[in-house]
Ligand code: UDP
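One chain comes next, on its own, written out as structure tokens in the form predicted on its own.
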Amino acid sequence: MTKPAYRRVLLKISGESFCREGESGISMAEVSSISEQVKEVASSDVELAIVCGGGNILRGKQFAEVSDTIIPSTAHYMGMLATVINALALQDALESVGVATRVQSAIRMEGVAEPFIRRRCIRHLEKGRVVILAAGTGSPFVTTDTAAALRAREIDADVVLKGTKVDGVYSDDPVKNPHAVRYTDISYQEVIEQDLQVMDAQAFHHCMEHKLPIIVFNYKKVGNIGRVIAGEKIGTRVSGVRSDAAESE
């Protein structure tokens, strides 16, 4: 990995990153693939925190909609616990390849994770440890996208990286519209004007308000996490700069 373009990074990965396409649960082959990319980053001077989703196990909002007996707040807490399961799997995968790791949970469970304490998290990062931030914000009705934006602000991250299975932000659904274009750079205002789905609205507005850049990229391509952190033009960068380039598919 070349010299990093960012000092401190918040990486958001979805729960679907932990399973095979179209499946649920945890595939350690998928988790190991992520850990190998993170290992490359951790060997540089980058301070890396990771927020993981839990949709491969349970999505609180969706579970509440189909259950007649589980109240919505309970369903959201269950979804937060799913993120802890993923965090523990990623921790062991990272440590198996020699990456020092800590899991911090917004819901206290000292038997398996540290509580999230801002100063302690930053100290771990300064010591070169990867910190996995689990259980969202610890409150129901808040997405892990919003948790990622808030944690990025708390730890003074330079950028939020959103790892997805697509290679950036498009003007329209590229599956339905063959003329859709992929943006390389786009402004916060343009995202709002075009109603583009970058992150959920609350998370996006946190980043926009504090001028925290977001990069949406395809983490599935091996090495892309390192390339993005090195400053390569991969995916779509959302910032205060209006778009000046887009690629037709």
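When you see a residue number, it is the position in the sequence shown, counting from 1. All of these numbers come straight from a predicted model, not from anything done at the bench.
Another form exists, predicted in complex with the ligand; not displayed. Remarks below refer to it.
Taken together, 168, 187 and 235 are entirely out of contact with the ligand in the predicted bound form: none brings a heavy atom within 4.5 Å. Think of it this way: in the predicted bound form, the ligand has a heavy atom of just one of 142, 85, 93, 159 within 4.5 Å, and the residue is 142.
For the ligand in the predicted bound form, the listed stretch (171-179, 95-103, 134-142, 117-125) containing residues with heavy atoms inside 4.5 Å is 134-142. Looking at residue 55, you'd find a heavy atom of it within 4.5 angstroms of the ligand in the predicted bound form. Interface residue remark: residue 59 is counted as part of the site for the ligand in the predicted bound form, having a heavy atom within 4.5 Å. The closest heavy atom approach of residue 76 to the ligand in the predicted bound form falls within 4.5 Å. Although the partner is absent here, residue 15 lies within 4.5 Å of the ligand in the predicted bound form, judged by heavy atoms.
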